[in-house]
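Only one chain comes next, encoded as structure tokens, the form predicted on its own.
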Amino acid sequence: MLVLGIDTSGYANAVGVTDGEKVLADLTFPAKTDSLEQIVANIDDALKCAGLTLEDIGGIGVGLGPGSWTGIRVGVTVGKVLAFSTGKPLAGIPTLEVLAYQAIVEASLVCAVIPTGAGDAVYAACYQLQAGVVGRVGDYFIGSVKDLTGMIKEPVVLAGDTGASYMQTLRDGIIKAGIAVTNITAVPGGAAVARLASERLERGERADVLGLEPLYLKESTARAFVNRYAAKTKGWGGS
């Protein structure tokens, strides 16, 4: 299936096109403004790079965040409008899952991390391959790097901006606890969104085009989100 993937949760607009496991386009554009017109122009550029038109696309994937409030909402809105106007199926992909997908290897625990923009607080989630599918392990995390360090109980691959101070602090804390850690630099990629969306759509997991909402997490709403979407957990990995 030809799938268009869009993620506007960060400081760049990422747009990609995949055909099964084949990447036809994977482009990033500076997010100078969060305008619908800019993102649509970026999508046009990616489709031209792939040698396709929107009519050729079989499905659409859109990054849900967490990340920039305005960026996420504009990107999700574009994805919904495209899906509604063309009748194409839509899949929403959490941006943390997109990061993990780009770092996942067999039998590894991957912890994807995104800054909240407030002090040393981060969004995070851990993932593993489960029957060949990238699956989340435990809850989404929203809190301090120190608290996140205490939740890692086994060797882990950290996926995110590995040059950032919060990632260096997290890595040092995990190593100090005697746990092996690997850093992999990962940013939200349009092709990764498209590939994950393709897997969902092939399983018949279509989003409600009108009801799809961003995963925009804040400290003040973190507890409500966790209670709604996931069971509580004491940590990732270990006994």
Partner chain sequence: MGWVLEMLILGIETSCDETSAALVADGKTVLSSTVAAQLDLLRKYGGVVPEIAARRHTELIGYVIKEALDSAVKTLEDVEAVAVTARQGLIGCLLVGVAAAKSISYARHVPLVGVHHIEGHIFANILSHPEIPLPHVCLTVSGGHTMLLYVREGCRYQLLGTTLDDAAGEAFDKIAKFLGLDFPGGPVIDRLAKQGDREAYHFPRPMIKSRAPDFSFSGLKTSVINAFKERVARGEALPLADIAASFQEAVVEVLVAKTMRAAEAKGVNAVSVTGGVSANSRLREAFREAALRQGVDVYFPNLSLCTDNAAMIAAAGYARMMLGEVSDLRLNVVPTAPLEV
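None of these values were measured; they are calculated from a predicted model. Numbering follows the first chain given and starts at 1.
Here the subject shifts to the form predicted together with its partner chain, a form of this protein not shown in this document.
Only one of 151-159, 75-83, 110-118, 91-99 lies within 4.5 Å of its partner chain in the model of the complex by heavy atoms, and it is 75-83. Exactly one listed residue, out of Asp44, Glu205, Asp172, Asp56, brings a non-hydrogen atom to within 4.5 Å of its partner chain in the model of the complex: Asp44. Proximity of Pro214 to its partner chain in the model of the complex falls within the 4.5 Å heavy atom cutoff.
In the model of the complex, none of the heavy atoms of Ile179 sits within 4.5 Å of a heavy atom of its partner chain. Among residues of the shown chain, Thr185 is not one whose heavy atoms approach its partner chain to within 4.5 Å in the model of the complex. Taking the partner from elsewhere, Ser198 is found to have every heavy atom lying beyond 4.5 Å of its partner chain in the model of the complex.
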